[in-house]
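One chain comes next, on its own, written as structure tokens: the form predicted alone.
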Amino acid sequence: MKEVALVTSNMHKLKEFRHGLAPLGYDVVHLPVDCDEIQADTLEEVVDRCLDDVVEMGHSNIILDDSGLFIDRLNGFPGVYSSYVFSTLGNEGILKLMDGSDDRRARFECCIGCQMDDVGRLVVKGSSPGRIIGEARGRLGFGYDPIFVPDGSERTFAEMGLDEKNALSHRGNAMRLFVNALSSKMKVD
């Protein structure tokens, strides 16, 4: 198995990455370092900058991701600031901002990037369209999962097991794109 380090403070993500990359023969380990999340317009910019930061720290064979909740009614807010907004407003704050709105459309986006000795740099983005519901439901998942219902479902991400969530989620979609791109890159090299 090849070892690759996931830069995250979220142990839920570590579990998801281990599950997604195991078929390619990667052993995903935790790398508890921080990178400066720049103020940027896109998740791709944030991921690229964080990869640069972690490489400058002397690490190699790394993977990281950044995700965001983009709410149409709020002009894409919280977007790239989702983590900060969640830590300050939480789901209750988002629900208050959405109070009385008929337009509940939203999407989760996830951008995954890696810098590996045998692959180089690779960055992909997946998304999951859906809607914000009126109250939090479910105990699984994390973050905004209890208030987001993906298209094609009546249940929130927080009401789904990992396999069901991964089939519909932004991170699951990004992971499939990442695995395909990584697999193609490995075959070429």
Ligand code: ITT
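Quick caveat: nothing in here was measured; it's all calculated off a predicted structure. Note that residue numbering begins at 1 and tracks the sequence as displayed.
The form predicted together with inosine 5'-triphosphate (ITT) exists for this protein as well; it is not shown, and the discussion that follows is about that form.
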Open item on the list: Residues Ser82, Asp145 and His170 are flagged as a possible site; in the model of the complex, is every one of them within 4.5 Å of inosine 5'-triphosphate (ITT) by some non-hydrogen atom?
Closed with: yes
TODO: Using a 4.5 Å heavy atom cut-off, indicate which stretch of 129 to 137, 116 to 124, 51 to 59, 65 to 73 touches inosine 5'-triphosphate (ITT) in the model of the complex.
DONE: 65 to 73
Open item on the list: Taking any heavy atom pair closer than or equal to 4.5 Å as contact, tell me whether Asn180 reaches inosine 5'-triphosphate (ITT) in the model of the complex.
Closed with: no
- [ ] Report whether the minimum heavy atom distance between Phe86 and inosine 5'-triphosphate (ITT) in the model of the complex is within 4.5 Å.
- [x] yes
Task: Residues from 99 to 116 in contact with inosine 5'-triphosphate (ITT) (non-hydrogen atom within 4.5 Å) in the model of the complex - done: Phe108
